[in-house]
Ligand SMILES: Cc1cc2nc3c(=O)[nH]c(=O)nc-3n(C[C@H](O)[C@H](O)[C@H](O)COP(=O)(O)OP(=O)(O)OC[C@H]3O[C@@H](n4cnc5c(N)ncnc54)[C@H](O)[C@@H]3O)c2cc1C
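To begin, one chain is listed below as C-alpha cells, in the form predicted on its own.
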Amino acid sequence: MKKKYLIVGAGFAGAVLAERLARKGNSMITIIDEREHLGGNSYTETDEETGVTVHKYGPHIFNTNNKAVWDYVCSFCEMMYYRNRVKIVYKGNVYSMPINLHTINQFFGKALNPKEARLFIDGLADKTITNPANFEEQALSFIGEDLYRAFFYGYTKKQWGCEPTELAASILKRLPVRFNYDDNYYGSIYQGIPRDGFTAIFEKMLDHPAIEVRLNERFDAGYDTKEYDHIFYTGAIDAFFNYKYGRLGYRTVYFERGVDEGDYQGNPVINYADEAIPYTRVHEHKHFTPWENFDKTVYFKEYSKETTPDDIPYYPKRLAEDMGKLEKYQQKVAKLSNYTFLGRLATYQYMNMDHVIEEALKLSERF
C-alpha cells in the first residue's frame, strides 16, 4: 500500500522532496502552498510591460560547490553561464564588490600589487581584536575602520535594522576580501541562471502523476492531516505553534518598481552603502539574462524592514532573544512523531538554495 505524504510549502525544499519521493513509486504526495504560485521566494515571472524575466522576491543566482546538487537542478533546466558582478555606491563613487584589489586601490587612491595590498590591509586591521564577538569586531579585525565604515556599517544597519554590534560575527564570514581583481561575487565552482527562469524548474519537478499540487491553500492548526502517514513542513517554525513563545525575528524586504528605456544602471545589482539612502540596493533584471534583448528595462529599489504579521519573512535575525525562543520551539518539534521540519523557515537558519536542495535530497533517502 502506498504511503500518503503531505508537504507544506512549494519552494525548493518542498518541491525537491516531492519530486524525489514521487520517483520512488511507493507514495502519493500532496503539496500545498498558501501563495498563488510555485517556487517560494525563487519564483520568477515575465514582466508584462517589458517582457523581462523578473525575480519577484529579489535576485537569485544559483551557485554551489556540490556537483550532485548542480547536476540535479540542471536536469530540470538549461542552466546558462552567469557570473554575478556587484557594484556598491559610497559617497557618490562606485566601487567593486566584494572588496578586491580594484576596490582597495580605488578607495585609497593607490596602485598596490597583491602582496602590497595584503600588507597594507593587514596594517589597517585591528590586531587588538583576537576573538571577534560580533559583526563589527569581525570586520574591524579583517579590514580596519575605514573600509568597514564605508562598505559595511551603513549598509548593515539598513539591512538588519540594528547596530552591527548586535549581529553574529559569522554573518561577515560569507563576504571575502580578495587581493586580486576577481569581482565575481560568488566563489562557487558552479554558477548560473536557468534560461527559462526558476519557475519552469518547479513546474517540471512537480509534473508527476503521484503529486497533487494545491495552491492558495494555507496550513494551520485546524488543517486535517489524518489521512497522511507523514507531514513535511517547510513553513515558519513559530507560526506552526501559533507563536506560543513569541515571534522569531526576521527581516523582510519590499520593492519599488521602475521602468525605463534601454539600460537604467548598466549592471544587475548595485548596492548603496550610505545610511542616508533609504534603499539597500537596486536590481535591474534584464541583466540577469544577457542572452536576451529588450527595448525597455525594469528595475527595483529594495528596502529592508522588520517583518510584521502581514509580511513574508526573508532573513532570520538569530539574535540572543530569538535563539532562546527557537530552543523552546525545537523542543516541541522533537515531540512530534509524524512530522519533519526542513528548509530555512522551519529550521530558522540562513540557507542558500543549494543547501536547501541538498537537505531535501538527503531527507528523501530516508522515506
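Note that residue numbering follows the sequence shown and begins at 1. Since we're looking at a predicted model, the values are computed, not measured.
Not pictured, yet referred to below: the form predicted together with this ligand.
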For the three residues Y5, M79 and A200, verify that every one has a non-hydrogen atom within 4.5 Å of this ligand in the model of the complex; reply yes or no. no
Quick check for you: of 303-311, 22-30, 319-327, 40-48, which stretch puts a non-hydrogen atom within 4.5 Å of this ligand in the model of the complex? 40-48
Looking at T234, T156, T103, Q138, which has any heavy atom no more than 4.5 Å from this ligand in the model of the complex? T234
Would you please decide whether D263 lies within 4.5 angstroms of this ligand in the model of the complex, comparing each non-hydrogen atom pair? no
Please check if V69 has a heavy atom lying within 4.5 Å of any heavy atom of this ligand in the model of the complex. no
Verify the contact flag for T340: yes if a non-hydrogen atom of it lies within 4.5 Å of a non-hydrogen atom of this ligand in the model of the complex, no if not. no
Under a 4.5 Å heavy atom criterion, is Y272 part of the interface with this ligand in the model of the complex? no
Residues from 342-367 in contact with this ligand (non-hydrogen atom within 4.5 Å) in the model of the complex: G343, R344, L345, Y350, M351, N352, M353, D354, V356
